[in-house]
Every structure is written in C-alpha cells, then in structure tokens.
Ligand SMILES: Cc1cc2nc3c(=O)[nH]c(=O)nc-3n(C[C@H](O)[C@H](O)[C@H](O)COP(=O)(O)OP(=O)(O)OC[C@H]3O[C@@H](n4cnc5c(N)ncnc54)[C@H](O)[C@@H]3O)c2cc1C
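Here you get one chain, nothing else, as structure tokens; it is the form predicted alone.
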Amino acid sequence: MNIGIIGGGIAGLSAAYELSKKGHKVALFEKEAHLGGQAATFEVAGERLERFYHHIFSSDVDIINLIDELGLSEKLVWLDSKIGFLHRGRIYDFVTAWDLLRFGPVGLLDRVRLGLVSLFLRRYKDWPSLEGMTAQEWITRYGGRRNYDIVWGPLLQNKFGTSFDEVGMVWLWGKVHLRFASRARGRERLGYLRGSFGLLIDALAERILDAGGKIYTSSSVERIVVEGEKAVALQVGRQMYPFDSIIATAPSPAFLEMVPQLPTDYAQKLKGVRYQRAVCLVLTLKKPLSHIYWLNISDPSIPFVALIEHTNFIDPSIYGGKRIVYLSNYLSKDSPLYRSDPDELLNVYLPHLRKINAEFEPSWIEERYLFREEAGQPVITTKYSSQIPDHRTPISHLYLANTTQIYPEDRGMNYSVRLGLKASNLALEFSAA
C-alpha cells in the first residue's frame, strides 16, 4: 500500500516506521523544518537538547521496546529523579515517604491522608469508575480540603488555568498511577537517552528512508482530498500526492481545516476538546538554581508553573558545565504571555527566580531560548471517554491519531509511539480485507 502520513512527531514517525517495516510505501509530511514535534531538539554547547523537557518512566514499555529495536538501548540511562515542591518561598523535597512526613505546609493528619491517597491511586485500576468526578471533587472528598488547597489545587490550576475545576479525576489518576509505577525502593527512576531523544527521531527517520519511504519537511498539508467519501490524496502547496490510506497526527483544529467534509457529529468531537498552550523558556546558567530536577510551584504570584533543572538530572559536564533550566508554562490562547518574545518573558520571570534561590543574579544567565506549542495539553474533562473521536474517521481510508485520543493516560512520548502503532495497524485494515 501507498500511505501518506501527516505530522513528523513521534506518533507520525512511529507509524511510518512500522508501515515501512512491513513493506509498505510511505510518505511523511511535516510542516516545520525539523522532525520530532514536541520532542524536537536544539543545540546547547554543541550538544542536543529537547525544546520541551522530556524523560520516560520505567512503565513506558512501548518506547522502551522501540529504543531497543532501533539499537539505542546502550544510550538509555536510568537515574534517580529529584522532585520538589515550592511553597511560600521554601523548597520541600517530595520524593520519599520521609519527605512526605516532613512536609510542613500541611498538618500531620493531612500528610497521612496525602500519602494514603497517593498509595490508593497507585494501586487502583478501575479508572472508569472515576469518570463522573472532577479531580477537585474527588481530592477534596478523600484527600481533604487542606491537601487540595496546598498541593493538588495549585498543580491543576497551573496546568489548566481557568479550566482547572473541570478536569476529570481520571486525568489525575493517570498522572499518579504512572508516576508511582516508575518507583523502586521508594525512589523514582526516570529514563533519558544520552545525546537526547533526538537520537530516537534520527533513527526512525533513517529506517524510514532506508526502506524507501519519503520524508518532506517544511511541507504543510493544505487539504486532504476526498472523493466519494474516501480520502485519496494530499495537497501540499500546488502538488497532489495520491495515497491508498492517510494517517493524520495533527492537532484537532488543524485536522478540521484540512478536511472540512467531516460529518457534523465527528467534527463536533474534534471541536469539543480545548488545548492549553505550552511555553518553555530555556535558560543556560553559570550556577545551579537548586538541587531539584522537577520543582512544582505552589505560589500563585509566580508566573510560571514549574521549573525543570535538567542538569540536576543529567550531568552538566555534558553541556560544557552549563546549568540548564526550563521555565514551563501552560497558558490559554488569549494570554499575553503566550505572545511575548524571549526578552519580554524573561523580564516577567526574572524577579521570581530569587524566590527559588535568594542568591540568584541576572548575570548568571548566559543564553535564553523560547519555544511555543499551541496544542500543548488537551483539557481532559469528566466522562471524557465519550468525547474522544474514533481513530477511524467517517471518511474511508482516513485515520486520526493525536494527543486528544490518549486516554486514560496523559500525553507523552510512550503514548505517541503507541498511537503510531495503532494507527499503522488500522491503515492496513483494507489491505487485509
């Protein structure tokens, strides 16, 4: 079969690789000049680094298997993570049970409840029974109001903004369930490819090309050509590319623009999911800000939602001794911060870095980089399973695989690999019939 794939992120590349491996002819179209989507890289001190922070969990079997299959296992390292929590100007370690017992912002009884709720969600598997409740309702009822106000509530507000009180409990269950699954002997271990996950992107692209596939970057698909309720071609600029089947890994709004012929019921599901925009300001520093890798922020006065100090996870010597910090934000489409240039955003953030390290000085900053993603985080509401569009669209031979369809898990490279594998199998259903 001759199969067209829209999108050169992890899902699109995984689908193209799987199809190529099975002997099918593929052509992949990516609108950006680079491959990788949110896992795309840039250079710091001659080394590649993800534009948006990335790691994997030990439970991420799909991407681990893919890394092994591509011969990259020797590059995969597993390291202890350092998770922290910033509250009222103080950083609290938040990894072990002992850390929880010392967590001063809530009383002893609430610390016990916080631990029990986390343990319960780690072991609980019947997530469909949680679909009717918001995370706010469930945590307030079972974890207590104080724990919600200090711990869970700020995390939800940071991620989802004004939609925080609509987020379904299944989303939070998935985050806790996955996170605890990556713990061994009470500590969390996370995986990273030495050399960046750009190695994975390169290997996928190389295998696709070696199998005779084609990859087109800087190639935006303007239209999916439909004839007789069947997808038959892609229009890229003035060029038409005919295909037997088409897989789209684009965000839902972009997909709707490509194929306005979609029936109303299916189109409404695509329109029904909102996205939070993702923004990462990446700084290289002369000195470390803290000892924490992943610092959650529980302070509404701070205009970014998390600080990920990459070089508290990966040795800074790899980057010439530079310290690398991601200042992460999730914003609504109308937020002025989303449209700020790097210097404007840095000026907004600068006064707040001293709340993390009182000794911080702007002179520590050597370089800054800004990356944006419009479809950063789907807003997962209650009863979300009934809102998910099917991978098989109502148009024959046309399939959709994007982050709005990752459920009950949340978006991540592992689930993008899984999406790609699933979409590739669906695209072959007519050839097997």
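In this text the structure is predicted, and so the values were computed from the model without any measurement. A residue's number is simply how far along the shown sequence it sits, counting from 1.
Missing here is the form predicted in complex with the ligand; even so, the following discussion is about that form.
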Worksheet item: Hey, in the model of the complex, is T249 touching the ligand, heavy atoms inside 4.5 Å?
Response: yes
Item to complete: State yes or no: in the model of the complex, is some non-hydrogen atom of K31 no more than 4.5 angstroms from a non-hydrogen atom of the ligand?
Response: yes
Worksheet item: So, in the model of the complex, is V379 in contact with the ligand at a 4.5 angstroms heavy atom limit?
Response: no
Discussion item. Although the partner isn't part of this model, could you tell me whether I67 comes within 4.5 Å of the ligand in the model of the complex, counting any heavy atom of the residue?
Written reply: no
Practice prompt. Let me know the one among L114, L270, V232, M258 whose heavy atoms come within 4.5 Å of the ligand in the model of the complex, would you?
Written response: M258
Item to complete: Establish, in the model of the complex, whether G7, Y330 and M413 all lie within 4.5 Å of the ligand, using non-hydrogen atoms for the distance.
Response: yes
Discussion item. Heavy atoms within 4.5 Å of the ligand in the model of the complex: which stretch in 132-140, 212-220, 166-174, 349-357 meets that?
Written reply: 212-220
Response to the item:
When the ligand is considered in the model of the complex, the residues of 295-322 having a heavy atom within 4.5 Å of it are none
